Ligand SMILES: C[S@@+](CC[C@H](N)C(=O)[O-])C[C@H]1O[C@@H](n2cnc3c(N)ncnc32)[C@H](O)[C@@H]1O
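A lone chain, given as structure tokens: the form predicted on its own.
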Amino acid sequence: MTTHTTRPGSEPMSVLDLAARHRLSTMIEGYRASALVHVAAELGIATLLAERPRTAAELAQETRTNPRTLGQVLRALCGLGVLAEDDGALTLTPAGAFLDPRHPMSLHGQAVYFGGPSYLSYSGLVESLREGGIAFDHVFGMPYYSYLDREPAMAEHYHRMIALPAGAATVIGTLFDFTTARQIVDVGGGNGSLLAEILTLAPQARGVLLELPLTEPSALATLATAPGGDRCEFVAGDFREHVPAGGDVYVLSRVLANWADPMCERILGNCRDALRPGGRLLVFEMMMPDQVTEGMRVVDGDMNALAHLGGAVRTRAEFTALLGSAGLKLDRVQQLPNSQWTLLEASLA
């Protein structure tokens, strides 16, 4: 027997309808949780509570915030399950512990970034759809990377966040043999952690990390301590303008999704010009399925790319066309098991 709920002057609503309505309501109100977690990260609440339990008054004093309003925020964080309260003493829950930047699997940077400029950029989507341009640019009045150039602390959060986890190169190494490579160029390789790890799989190779000048301090610090980093050279530059020549393997990891097709063609064209005969271009990106169904997280990356940079997560057909327009041919596509992450292997057409 199906249960119905009615309102005066309305048709009966089934249990399934109510569940669907609740699901949409949760989406509508989801910004509240993001904002509260962002506040906790910005104020360093998790760092303080990781040391010892504290009262709301103590936290207000140490964060230099208004005791009454902070108390309301802390109460809401308890409601979210980020904090817990016992007789006035606040502690971290297992979930809240990940907001401590010292945690080995910390989400502190993500909370600062996604609850700050990323969240705000989405508010420009309607304007960008109606008037053209990029949502982020409409909101902040400047392109995304210009903003990061002016906000080095946020740029650091960004580069830490997009760095692939340890072991990523080993996974990629099961799909491509790096052992015969002599020079590997990571184009837009962030802090260099992926390239350094790849070099441990290619003992005879040297690496070149091409990145914007603002990334250099973070990259040099990473390469100084990472195994394989001693065989890597940092080159400051812009892959939209030029890519260092001489490599036999070029890597574009999580780069193309950030750009619209014309700029991708330009970046790929620069890689084509730099590529030695017989060399390989490896593109590591999420791939959009031809049909999206509910629950596929690949659309999150797609929307982030659109809102921040006017980019997209592409289908196989779109990648094939994009590479072809840049004078490259797609030789092989390999998808990581149980994920949308894909390694595309291309060469000179």
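Heads up: residue numbers just count along the shown sequence, starting at 1. For clarity, every value in this text was computed on a predicted model and none was experimentally measured.
Keep in mind the form predicted in complex with the ligand is missing from the figure; the text below concerns it.
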Looking at 75-83, 233-241, 117-125, 100-108, which one sits within 4.5 Å of the ligand in the model of the complex if you count heavy atoms only?
233-241
All three of 159, 254 and 259 touching the ligand in the model of the complex at 4.5 Å, heavy atom to heavy atom?
yes
Is residue 145 close to the ligand in the model of the complex, meaning a heavy atom pair under 4.5 Å apart or at it?
yes
Heavy atom to heavy atom, is residue 247 within 4.5 Å of the ligand in the model of the complex?
no
Whether residue 96 contacts the ligand in the model of the complex should be assessed with a 4.5 Å heavy atom distance threshold; does it?
no
Would residue 226 count as touching the ligand in the model of the complex under a 4.5 Å heavy atom rule?
no
